[in-house]
Every structure is written in C-alpha cells, then in structure tokens.
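Read the single chain below, which is given as structure tokens and is the form predicted alone.
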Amino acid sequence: MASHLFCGRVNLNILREAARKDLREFLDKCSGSKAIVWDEYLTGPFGLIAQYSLLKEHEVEKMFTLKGGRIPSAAVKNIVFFVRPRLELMDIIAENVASEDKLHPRDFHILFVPRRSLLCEQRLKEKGVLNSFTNIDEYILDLIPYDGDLLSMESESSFRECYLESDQTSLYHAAKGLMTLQALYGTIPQIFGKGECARHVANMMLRMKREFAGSHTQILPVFDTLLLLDRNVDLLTPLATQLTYEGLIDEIFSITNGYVKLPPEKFAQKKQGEGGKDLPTEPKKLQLNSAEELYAEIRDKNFNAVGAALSKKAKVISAAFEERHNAKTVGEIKQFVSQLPHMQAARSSLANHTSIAELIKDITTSEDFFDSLTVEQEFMTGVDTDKVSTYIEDCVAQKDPLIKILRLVCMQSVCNNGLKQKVLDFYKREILQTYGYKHILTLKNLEKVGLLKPQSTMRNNYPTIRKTLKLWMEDTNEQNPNDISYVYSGYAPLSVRLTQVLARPGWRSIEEVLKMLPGPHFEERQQVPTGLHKKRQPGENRTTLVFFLGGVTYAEIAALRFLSNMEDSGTEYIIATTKLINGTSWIKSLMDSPEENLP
C-alpha cells in the first residue's frame, strides 16, 4: 500500500509504521467495539497513515464526522473523538456528550492530535462533561509521509500563526517532529538555517537534544544536513503561478492530502451507442503520488513538455499491446497474460493524465492566463514595478477573483521592496470599493506579514538579489531543462537557489545577499555518538533534509527533485514542510473572511 515510501533515498515508511504502531496501541486501550467521531480536517492526514482496514482490525465499527447535536446511533461500547485541540471543537463534543442516551451509556475517549491541551480540558470541565471521559490522550502526528521524498505537518495556518498572530505552537511541533525523525534516522550532524522561525526551531531542537541526552537509540545518521528555511525569506515564489504539471493541477484544482477532485465529464466512460446521456455528476477523485509510474515521470516536468511525454508513453503502451500478435508458444502467451494487469493499469493511467492535461491546456492556452503570466514575469524581471499596473486596474474593473488581484499586487510589492504610497493607496481604494470594505482587515494582514507594504527609505534590494542569485534565466529550456528556473519558465525559486548554493559553493560566497534577506542565517553542529560517524563511499551523494517553515509549493519541490537528479549535484534532497501550499491557499489563510463567497 505504501510502496512509494520505500523508493526514495530515505525509507520514509519507517516513520509511517511508527505512527501506525502508536495508533494501534491507543485503539487497544479502548477495549471493545468502537465508533470514531472525526474532526473532519484530520481524515485526510490520517488516510495517509492508516486505511479503514487497520481501524477495523482494532474493532472500529462505525465512523462519523464531528458535528453538533446527537451522535448517530451505533451499537458500540466506545465513542472515540479524534480532534485537534481547538476550543470550538470542545463545545461540539460537549453537546454530543450531553445529548447522549442515559439508558444506554457508552464510554467516551478523546485523542488530541497532535498535542493535548489544558485549555481544551478546562473548556470541557466548564461544560460539565470532563468526567464523562475514560481516556484523554494525545496522538503525536507531526510529520506525515506524503511520498518517497516528502513530509508535511499539514498545519493549515502555520504561516498565519507565526507571522500574524505571533503564535509559535507550529514551530514547537516542527521541532518535536524533527526530534522524532532523529530518533528513527539518527542525529543530523549539521544544521543550517535562515530566518527568525528557523533560528527558533533550531534552538528548541538543541534544547530538546540536551534534555534527552543519552535516551536516543544509537543509529547511524541517514541525513548529513538539515536546512531550515523561513517562508518569509522568499515571499515571491508562492505568489507566482507554478508551471509544472503537478503545480498546475494544484493551482487549478487544488491537491488535498495527496488527492485531487476533477470535473467528472472528462472521465466518463462512453459506451457505444449511448451518446452523452447520464454523465457522472460526482467529481472524479484521483490519488497522486509516485506509486503511479506515469505520474512520477511527468509530474515535475514543465507543462509544455508534458504533451510530448504522454504521446511517447502512448506509443510504448500501444506497442506492448501489439506484442500479443507475436505470442505464438504457450510460454509466450503466458508471459503476455502475466504482464496484462500492469499494461492495463498503464493504459488507464495514461487516459487519466491525458484528460487532466486537456483540462489544464484549456486554461493555459486562454488569453487571460497568458496576460496574467506576462505581467507576473514583468514584475519578476523588474519591469514597471513602481507604478500602477494597467492590467491589475483592468482586472479590478472586471471584478476578477479577489485572490488573483491580491496575488498580483503582493507580487508587485515584493519585487519592488514595497510600493510608493500613492500606488498602494490607489490599489487599496480600488479593492475596497469593488470587493467591499470587509476586506480592509485582509489588506492589514497582508501588510503585517510583509506581502503588501509601503516603500521605505531603504533601497530596493530585489534587483541585486535577482542578479547575484541568477533568479531570472533568459531562454530557459522547458523540454530538457539544465536549471531549476524551468519550473516557472524563467524564474528560479529563491528558496531553492539558496539550497543549491549551500550545497556548492556554500553560503559564504553569498554573505552579502543573505544579509539583505530577512532574519539571521546560522550554522550549528550536533555531536554524533562515537562510532556512528558516516564513512562516505567514493561517489556517494550527501542527503539533505530541507524544512520549509510556513509552507512549500509543488514547483519548489519539483526544483529540489531536479537538483537531486542532476548527475553532478552530489546531494539528494528530502523535503519537509509545515504545509503544502499554493498562492491561492496561502493568501486565503491570511484573509479574515475567506469563508465568505469571494466574487
């Protein structure tokens, strides 16, 4: 089931198995039949750890979504709440427990994910239901394996919490997650970091290491280096439209916990003579990870190179099916039949991805997409960043989606190190008059986190950073790339360029640029127990864990995979993050009324 977790340089299935073991142990504490009541947000992350079959083995008979009122009837001995430590959820749980049938009492249990909370327990006490619980426990689910080289905490508002609300809880969870990793994969000898949050996580890790000195198992280190990067060191990258296949799927349809929901009409199986009647109305749900051979091959390509790759694959599959005509002997026929399930799966995969590519192409070939991309690339290259953009003005006049406007205005601000006061005031006035004054709080939030700000007296450092780190590459080869800039068709993500330079020639070569970026940069060393120093074989690559605090995009992940696969890179990268994001989900997390229907 989790074969894709074995295939990378680091076997991330060890982490998944450790999480499954803890889950089994908790379920066995509640002896007898069980119904789980889920905090809806947790069902996706838990699906990556354990399928229903595992829960069933431990006497889970029913599953419900947490909502007010009474829990649906179920002939079970135990009711187990799986919830995040949120006060508003405690109120719903209290309502559930209070409306329980007194004639047929059941045992109640709470499992807090990822940490127990005294505030939540206090709220349950105030509501008079705390004593109704037999077990109150915590399930430490910090880093969830998404793929063979990808881990995420799926902490939905970590950027907002850190930069807007000065709440560092998610950083504590990140540090704990890194300690769990080190318990399973050995001490990471070198730690590099850039940014305030990175410094904070490193400090907590080093303190935890001192507190637990001697308690960790003796394991040969798997990772050579840990790089901690603050999202606010590179605010530009998530605002830009991702141009890899996986990035565009996320931009257009949104990938959630490794799954995407797509318009059903493109995937309808039309039978002969039926025409177009009875088209499915349920969205097509597909799982996306490297367990699917074709997806692993095309997901990190620039979208302009996907068509050729699909066409090539179609010819290979077609030729494989033609082989059946050449099978003459019983042995040859038997061999063909044994390959048939794999070939049929490949054909089905090709059909799905051809349909997805067609859906994406409908959007990427539109005039609107091209115009927006042109403006983005002008901002990134420093063209007209200091005056009102007529394109943004027109988009506001046409009442285009507000998030599109905010992404472009924030991008202009970041590329210009802030906007002139009169330009900023113009944009604010236009947005508030067109989309409503309720968005004044959102604009304030964007200012507070540094995405939208007035120009200070300081000079604009972005052109210097762009030139020194080669963030813009002319004539990027999208078909056969030789640089990470292919993921944005010209723009090399700043975060990944920093990672690349760290590996070779090292950050000392860009000391001046690092000082221009927010937050401190630092290096720490952790003592590896005697006898556990890694002896590197000639030609063996180093393994670096890059941890993005505040979120990472699929395009950045693609760029890091590209670096891992370069022949002379000498480093393989494993990626960890607090959340997988795109520009839309990121801006939405900073809005104060995102649940309202945006125009």
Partner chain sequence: VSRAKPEDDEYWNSSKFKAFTFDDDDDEFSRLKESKRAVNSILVDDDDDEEEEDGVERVSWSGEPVGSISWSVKETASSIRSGSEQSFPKIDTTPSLSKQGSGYSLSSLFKGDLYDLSPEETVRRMQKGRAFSLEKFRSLQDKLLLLDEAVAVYDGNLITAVLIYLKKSLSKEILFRELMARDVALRHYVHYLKEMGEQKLLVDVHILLMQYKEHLNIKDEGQRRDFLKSCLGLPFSQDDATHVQDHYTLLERQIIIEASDKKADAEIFKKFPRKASILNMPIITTLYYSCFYHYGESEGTYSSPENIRKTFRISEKQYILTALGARAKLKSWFDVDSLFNTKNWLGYTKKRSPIGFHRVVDILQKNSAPVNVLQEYVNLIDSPELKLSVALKYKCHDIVINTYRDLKDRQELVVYREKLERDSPEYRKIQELLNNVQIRWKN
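Since the structure is predicted, the reported quantities are computational estimates derived from the model, not experimental observations. Positions refer to the first chain, counted from 1.
This next part talks about the form predicted together with its partner chain, which is not shown.
Student: So which of 126-134, 490-498, 338-346, 93-101 is the stretch with heavy atoms within 4.5 Å of its partner chain in the predicted complex?
Tutor: It is 126-134 that comes within 4.5 Å of the partner.
Student: Within a 4.5 Å heavy atom cut-off, is E282 in contact with its partner chain in the predicted complex?
Tutor: E282 lies outside the contact set for its partner chain.
Student: With a cut-off of 4.5 Å between heavy atoms, is E211 one of the residues that contacts its partner chain in the predicted complex?
Tutor: Judged by the heavy-atom cut-off of 4.5 Å, E211 is in contact with its partner chain in the predicted complex.
Student: Is W472 close to its partner chain in the predicted complex, meaning a heavy atom pair under 4.5 Å apart or at it?
Tutor: Output for W472 is no: heavy atoms all beyond 4.5 Å of its partner chain.
Student: At the 4.5 Å heavy atom threshold, is L164 in contact with its partner chain in the predicted complex?
Tutor: Output for L164 is yes: heavy atoms within 4.5 Å of its partner chain.
Student: Pick from N304, T169, T354, Q287: which residue has any heavy atom within 4.5 angstroms of its partner chain in the predicted complex?
Tutor: Residue within 4.5 Å of the partner: T169.
Student: Among I317, I440, L373, A296, which has any heavy atom within 4.5 Å of its partner chain in the predicted complex?
Tutor: It is I440.
Student: At 4.5 angstroms, heavy atoms only, are Q122, Q433 and G436 all close to its partner chain in the predicted complex?
Tutor: Looking in the predicted complex, the three residues Q122, Q433 and G436 all sit within 4.5 Å of its partner chain (heavy atoms).
Student: Mind listing which residues of 9-24 have a heavy atom within 4.5 Å of its partner chain in the predicted complex?
Tutor: Going through 9-24 in order - heavy atoms within 4.5 Å of its partner chain in the predicted complex - there are no hits.
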